[in-house]
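Only one chain is given next, in structure tokens, and it is the form predicted on its own.
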Amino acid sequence: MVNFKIADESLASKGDEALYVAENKMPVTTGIIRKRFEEEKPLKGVKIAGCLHITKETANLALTLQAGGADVYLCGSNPLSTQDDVAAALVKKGINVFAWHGNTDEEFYWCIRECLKESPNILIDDGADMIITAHKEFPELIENGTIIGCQEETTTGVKRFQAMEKQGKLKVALFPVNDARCKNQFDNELGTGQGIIAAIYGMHVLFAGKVCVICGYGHCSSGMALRARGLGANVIVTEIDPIKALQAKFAGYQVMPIAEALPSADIILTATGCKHVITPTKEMFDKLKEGVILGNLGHFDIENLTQILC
């Protein structure tokens, strides 16, 4: 029996189309690994709970885990990224899903708790919310050995767990996927870096000739700068780390303090993981051009003025 709470079951056929598209773009996950899992069933009897972006790509991961014998439970790691048609398609295919687009903070944690109530053995997290909730509200799953391992795939989450480990509060074995070189150099820089640019470009925004300010020059933000320049934007990078700032300079970008960069910006994108990169004040707001596009890439929306504009 499939347990679920989603927006609309009738969207399943549309979700199937999205899964088909992603399946053909993920040959390793949906081809090589899934075929092997179907034969060997290495996850038979294992319950896996994931707090992830409920997208067509995550869906194919879930179906691959299911092919390996796992009983899979999913909830959304970001209320705004859940694709309701994909959630419906997954339910039809036997995946337990508790996610819908635009859920509230209270509903967000309700979905996490519904997954943890099923006593999963492995947790796959995106931002640390599920694993931290397990520590706080379901400690028995850790103490009795029900949870045998976890993984975290974001910089934000890994930093939270590093802090917990220093305090002696991390009680489970945890694999920091985010620290893998392939994650940083390929997924973050090339995949994530393209994602936010593609979202804005998809709004029929012409990047060519516009001034695009990229706040930060880490793995994700360097990818954003690369994509913005490729679309013809004049890219300015702001970065407080002198070595990263030098990297941006040697990569051919203008580098300057954020206060100098903002007044000329047509598009501003932050990806630092820090609070108030653009401080939410009237003084800072008055520096911005009329019609400027302001975006943030990261698990939390605390880096810039979007928190008072939305």
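Owing to the predicted nature of the structure, the values given are computational and were not obtained by experimental measurement. All residue numbers are counted from 1 along the displayed sequence.
Separately, the form predicted in complex with a small molecule exists; it is not shown, and the next lines address it.
Undergrad: Give a yes/no on whether K249 approaches the small molecule to within 4.5 Å in the model of the complex, heavy atoms considered.
TA: No, K249 sits far enough from the small molecule in the model of the complex that none of its heavy atoms falls within 4.5 Å.
Undergrad: D241: heavy atom within 4.5 Å of the small molecule in the model of the complex?
TA: Yes, D241 sits close enough to the small molecule in the model of the complex that at least one of its heavy atoms falls within 4.5 Å.
Undergrad: If you check in the model of the complex, is V277 within 4.5 Å of the small molecule, heavy atoms only?
TA: It does: once the small molecule is placed as it appears in the model of the complex, V277 has a heavy atom within 4.5 Å of it.
Undergrad: C220: heavy atom within 4.5 Å of the small molecule in the model of the complex?
TA: Yes, C220 lies within 4.5 Å of the small molecule in the model of the complex.
Undergrad: Within 4.5 Å of the small molecule in the model of the complex, counting heavy atoms only, one of 152-160, 197-205, 100-108, 114-122 shows up; tell me which.
TA: Stretch with heavy atoms near the partner: 152-160.
Undergrad: Kindly indicate whether T192, A271 and G298 are, all three, within 4.5 angstroms of the small molecule in the model of the complex, using heavy atoms.
TA: Answer is yes for this spot.
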